[in-house]
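The chain below stands alone, shown as structure tokens; this is the form predicted on its own.
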């Protein structure tokens, strides 16, 4: 029914040196799915030795051979979509259809990086001095990588880091979320079956702070890649600064959605509900603050509320489920607190605002109207199924509201005006912008934020370059 929970260290599947275990729960019924091993200090040292020993050989492996292994793993994953998806739903809660689609995208990411790794080009630079014969820039693997991934996308997020690092020629240690380990384990097993040499990829679990501090402090690790909250990202960046290690930080957001009054309100509301309640709103690029122009505000709120009420909430394995449970009890308390705070400050609760049932971490899709700026939900990333909707009058007012927070991951706008599209695309201070669309992440496109939402990109050629160092070589005549 569920996957075997082990760590992968230097090509061997292991329960580790200690006896401590962490429980993995099913958020739909709170039952224990399995027990996860905890990496002790001895395990971390073995893992560091593994990537140190594997780095030179993997860096020297021809790009076409790396491509063969990554593409082979992608094909293996495509043959296991039902199994990977089911495991994801069991441990994370999202509907099975969403889980299987994520597994398929994870395979696509590996395949895209497999091909792009063959194109880590340098360039020849014409010399400006007569004594210089050649000038060229080359790209080299940055070295062993430590990567850390969250629980909300257990396949896609590890696939981005694993695919980018391996395609660039970097050995890797990855610590996925202890709440959703199955996705990263499935990727690792697929790569092992495809012929990945031992030690090139290592998967460990344990106490997050202890693992990150130990790995980042090691001279062996040359690059850090983290996806998660802003406070943790800042902490890891400080740790990396002591060794001047390169970092990619994909942190939290608070995605504004600006709906201008020249659009089809029903269509915009339908797309917004689908985007908002995907994965129960537990998405870093989730649309989380809706600003609707006054003329369309009332109709949009009514349409959005009606569609949110109609969503079928339940176990992700049940047919017809459109939204599953929250991933853990922490999210239940957090969302409930945000809703109560907003109502106390004058917001109008249009639907939801309560837990569903007594078993599992289910929370009703929630819509809040006329939410004041000082409500916590307008300032703190909700990461759950709550949608605050407020009116605006002018373009400048909407831009101010969208950009006033320190976050800058994703922003969205709906308009049928080419001029407004161009202006709002330029005005939004976010690394990702969706115009009349919530589809802003594909294997071939960069994914990353601005301001406190982090820096660096995953995906696209930018995601490969994150694991490559730039070297300039110049040659003059004989001496």
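Residue numbers count along the first chain shown, from 1. Not measured: the values here are computed from a predicted model.
The form predicted together with a small molecule exists for this protein as well; it is not shown, and the discussion that follows is about that form.
- Across the proposed site, 149, 209 and 251 without exception bring a heavy atom within 4.5 Å of the small molecule in the predicted bound form.
- Residue in contact with the small molecule in the predicted bound form (any heavy atom within 4.5 Å), chosen from 304, 226, 113, 361: 226.
- Of the residues given (383, 290, 205, 300), 383 alone sits with a heavy atom within 4.5 Å of the small molecule in the predicted bound form.
- The closest non-hydrogen atom of residue 198 lies beyond 4.5 Å of the small molecule in the predicted bound form.
- Using a 4.5 Å cutoff between non-hydrogen atoms, residue 161 does not count as a contact of the small molecule in the predicted bound form.
- At a distance threshold of 4.5 angstroms between non-hydrogen atoms, residue 398 is out of contact with the small molecule in the predicted bound form.
- Contact check for residue 175: a heavy atom falls within 4.5 Å of the small molecule in the predicted bound form.
- Heavy atoms within 4.5 Å of the small molecule in the predicted bound form are found in one stretch of 127 to 135, 86 to 94, 386 to 394, 328 to 336, which is 328 to 336.
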